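We begin with a single chain expressed as structure tokens, specifically the form predicted alone.
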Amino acid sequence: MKLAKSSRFSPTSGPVVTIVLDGVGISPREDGDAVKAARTPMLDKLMANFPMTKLLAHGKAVGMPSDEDMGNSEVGHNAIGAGRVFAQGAKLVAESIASGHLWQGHAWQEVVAAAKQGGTLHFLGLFSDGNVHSHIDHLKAMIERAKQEGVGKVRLHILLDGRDVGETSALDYVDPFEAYLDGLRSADFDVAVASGGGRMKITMDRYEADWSMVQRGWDIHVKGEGRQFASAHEAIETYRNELGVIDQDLPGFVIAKDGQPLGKIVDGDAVVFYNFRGDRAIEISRAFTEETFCPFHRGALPKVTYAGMMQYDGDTKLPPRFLVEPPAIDRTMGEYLAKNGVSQYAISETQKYGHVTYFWNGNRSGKFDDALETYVEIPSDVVPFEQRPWMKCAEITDALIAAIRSGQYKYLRVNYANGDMVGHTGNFEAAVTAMQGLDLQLARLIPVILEAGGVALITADHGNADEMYELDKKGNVTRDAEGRTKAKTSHTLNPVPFVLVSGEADPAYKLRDDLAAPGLSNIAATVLNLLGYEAPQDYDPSLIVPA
């Protein structure tokens, strides 16, 4: 994995720093754009005075099935770190179902065999068509196949979205799905929703930020312990009326009949966690598969046949049983740099720490070279992000400035989570505050990079805060009869910025203008050129050319 020294580009005298402003896209409109609404004098100055272009961060440009699919943090960081576009989870699963390969795999056959020996087949996962963590069509395909193969009893544990889809759209999915189940149900096929709750309230924690979420989900799904309702519809409407919260924050619920839960998970059952994305699937998978488990008290661990939709962590082989092979992302930029003796520094807060490490490195845990790489995690606050929209951006900047001034690192990367995590709350004012907090940090950070003779690459992994209101099919902001807007909590289809910031008055390189549709995967080759290397031949082309 030796990189060739470039005859076209000399290495920068100081460090190269990639700054990912997570969830900060470029919208064609101003209404609902928290990025434009915020007072961001530093970002405005950088965009006006330094070379800038737009990068695609959604759809086929990041390996999603179609250009109607939003990008997300996982695929965005995969693309940045890998320097190439790999088919991603949603596309791989859809292809595996369409080809029948999923049904022929050992994992599916083992799951079905367990259920046919008297157990119940449970499906647990995010319940929407957001196509970021899961897709409801994948769930339907598996239910129908289970019926065809003679499974007699299926139970569904639904995690309500309101984040990758409309914030209060749960019943738009639940009600038609219940009708769909009515059409499948028969004397020899017993299928029903057994439990559920909001994705940010139960089960789908990530990066060990809040294990209590997973424990609440475990109690609801496995033990059947929680507030009981006759249906998911009743639970959603009751919680909305009582609490006024959006879907992602709905508390957990148990569907019961005559006081008895419809679908506890017990010995002999089979469980499929049908999310294809890994970050919010790892912790619940650990709870189901680890014999020795310490994060919370599970009680008796039911002996079940557990499968993930994909293997969520290739290094730890978690889970050991999975339905679809994940993308094989190899020869990432981080690995090339490590193999060529380049010192690296990666930092974020807990909410995005895995994105600048695990996803950046091609879904690989750990380091390529302990001596050359430093990974820093700033613990995230466990509070609703709209209540503290600045999150940990100042603390991240403190550490990053110290790392740059130490002179130890030639390549540094950082993710600021604010635009995405606060954008997901749907709170416009909080997102504006988040952007203003970020701008203060850029005003501290950029001068330090330039003082060190370095170069900053400012970009994002996808949009979010740039589009905080729901849009109609024509792309206009939707308003009710009183003129009120509806909050949008999902990612956007907008491109993201790429700003090349250097202290040189006349740099020896410039942004190229001959790429038809540059995207996130073009960043890696750009970094390698700035470090004085030629990119591997199969990497997507650099964004710079000699001046």
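Numbering starts at 1 and runs along the sequence shown. Predicted, not measured: the structure shown is a model, and the values here were computed from it.
The form predicted in complex with a small molecule exists for this protein as well; it is not shown, and the discussion that follows is about that form.
Among residues of the shown chain, Arg413 is not one whose heavy atoms approach the small molecule to within 4.5 Å in the predicted complex.
In the predicted complex, at least one heavy atom of Val132 sits within 4.5 Å of a heavy atom of the small molecule.
Not displayed here, the small molecule is kept clear of Lys392 by more than 4.5 Å at the level of heavy atoms in the predicted complex. Proximity of His58 to the small molecule in the predicted complex falls outside the 4.5 Å heavy atom cutoff. Between 436-444, 179-187, 199-207, 335-343, the stretch whose residues reach within 4.5 angstroms of the small molecule in the predicted complex through a non-hydrogen atom is 199-207.
Checking Arg216, Arg155, His138, Arg280 for any heavy atom within 4.5 Å of the small molecule in the predicted complex turns up a single hit: Arg280. This chain lacks the partner; the member of Ser348, Ser73, Asn275, Ser128 within 4.5 angstroms of the small molecule in the predicted complex by a non-hydrogen atom is Ser73.
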